[in-house]
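Before any questions on binding or motion, here is one chain by itself as structure tokens, the form predicted alone.
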Amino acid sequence: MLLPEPSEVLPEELAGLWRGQFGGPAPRPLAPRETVEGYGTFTFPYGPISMGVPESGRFDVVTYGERILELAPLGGYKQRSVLAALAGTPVEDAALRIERIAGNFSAAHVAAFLAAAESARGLRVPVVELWTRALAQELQRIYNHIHVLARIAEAASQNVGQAQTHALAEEILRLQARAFGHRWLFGALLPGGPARNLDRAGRHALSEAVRTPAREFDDLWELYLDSRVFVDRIQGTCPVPREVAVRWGAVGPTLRACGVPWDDRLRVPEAPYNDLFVALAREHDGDALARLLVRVQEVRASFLLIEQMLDRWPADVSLSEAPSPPVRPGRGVGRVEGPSGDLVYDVSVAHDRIVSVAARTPSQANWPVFAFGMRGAVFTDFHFAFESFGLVFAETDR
């Protein structure tokens, strides 16, 4: 059976046909698309493909053979309506669902959500909680960047390097479990969550433990750089000019790989980042190699940040300064620098229960940039390009 082709605005008759035959909402475009016509051109539907934690999606590739003329990412295959279902729930219960929107980004999502809810309620929290959130985010940033490297290695058939890199990512997950009681950090930043191991002895043990993967990562990256095949395969792949990145609102490593020095930890610093040295990673070529180089620099920077945090951990139980001022009474905004970029939550609260939640995620911001960068590429570049952006459908099908 042939599936109906959704256009940028799916005609109602096709949307109805989709719902009748397959159930649920019709696929929806995640980036603007242009009409491409010409002799021999056709649309090749790639997917829907299932990717586990990142969830499922599809790509419509307009081509006349090997070269991609237009690429349209399509989401909506697993529309979960997580945010819409939060109305009326207590803030802490809502946070448990928020962190599961994209499990590999759980710390960033729950930290941004809690910051917005605290702003809405004018709630001050213990300083040590802000440091704890930052520690979890930096560990998760390391995991995600190493995971991206492993996925790119897989695309380049670097089988030994891929296995070693996945093993290193597993070490980070085990460190997260040791420090926070859960390898994906679920519940770790919430009251009543898994037991943390962050007392003096636990912090010392973590400080000692992170040194091994830090050394292993440096050694592993040197091996990748020695592979000319690996470097050649991603250098020049899916380039994004600086002006395009700025125009389309790119965020995170995608933006910094184009030479734009924006990182929320530096531009809008909050505790503990306003008291720590944060090394800014930046490249200028805007291609897959540049995006990966930014991630490599950020892995090293995060290891350094973790060392600083554990060495300067706050000893008292004082409360933080007042949270960011609310947009209006009962409504607050929180933002963090997630592994893939700037993550923003807009939360309205009444009587400690959720009224509404909205979010702008890094994947949401970067889908159009990825689609633009793929214009003119060959299809064999797809895997390298896609992985270099760190995109997940779960952040848009929420």
Partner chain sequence: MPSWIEQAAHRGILTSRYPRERGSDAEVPPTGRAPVPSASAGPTGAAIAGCPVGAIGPEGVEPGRCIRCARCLAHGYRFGGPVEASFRAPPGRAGPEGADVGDEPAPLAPLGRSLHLFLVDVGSCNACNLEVLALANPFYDVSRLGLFFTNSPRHADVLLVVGVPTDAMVEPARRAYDAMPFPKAVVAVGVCPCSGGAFRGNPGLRPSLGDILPVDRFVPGCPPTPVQILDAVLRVAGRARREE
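Positions refer to the first chain, counted from 1. The structure displayed is predicted, hence computed values, not measured ones.
Not pictured, yet referred to below: the form predicted in complex with the partner chain.
Peer 1: Under a 4.5 angstroms heavy atom criterion, identify the one residue in 129, 307, 285, 93 near the partner chain in the predicted bound form.
Peer 2: The residue from 129, 307, 285, 93 that makes the contact is 93.
Peer 1: Which listed residue (300, 124, 203, 78) meets the criterion of a heavy atom within 4.5 Å of the partner chain in the predicted bound form?
Peer 2: Only one option qualifies, and that one is 78.
Peer 1: On the criterion of a non-hydrogen atom at 4.5 angstroms or closer, are 232, 375 and 396 all touching the partner chain in the predicted bound form?
Peer 2: No: no residue has a heavy atom within 4.5 Å of the partner.
Peer 1: Pick from 266 to 274, 253 to 261, 131 to 139, 169 to 177: which stretch has non-hydrogen atoms within 4.5 Å of the partner chain in the predicted bound form?
Peer 2: Looking at the partner contacts, the answer comes out as 169 to 177.
Peer 1: Does residue 315 reach the partner chain in the predicted bound form if we count a contact as any heavy atom within 4.5 Å?
Peer 2: No.
Peer 1: Verify the contact flag for residue 101: yes if a non-hydrogen atom of it lies within 4.5 Å of a non-hydrogen atom of the partner chain in the predicted bound form, no if not.
Peer 2: Yes, residue 101 lies within 4.5 Å of the partner chain in the predicted bound form.
Peer 1: How about residue 54 - does it come within 4.5 Å of the partner chain in the predicted bound form, if we only consider non-hydrogen atoms?
Peer 2: Yes, residue 54 lies within 4.5 Å of the partner chain in the predicted bound form.
Peer 1: Should residue 113 be classed as touching the partner chain in the predicted bound form when contacts are defined as heavy atoms within 4.5 Å?
Peer 2: Answer no; every heavy atom of residue 113 is more than 4.5 Å from the partner chain in the predicted bound form.
Peer 1: If you apply a 4.5 angstroms heavy atom cut-off, which residues in 134 to 162 are near the partner chain in the predicted bound form?
Peer 2: Sequence-ordered list: 143, 147, 151, 158, 160, 161.
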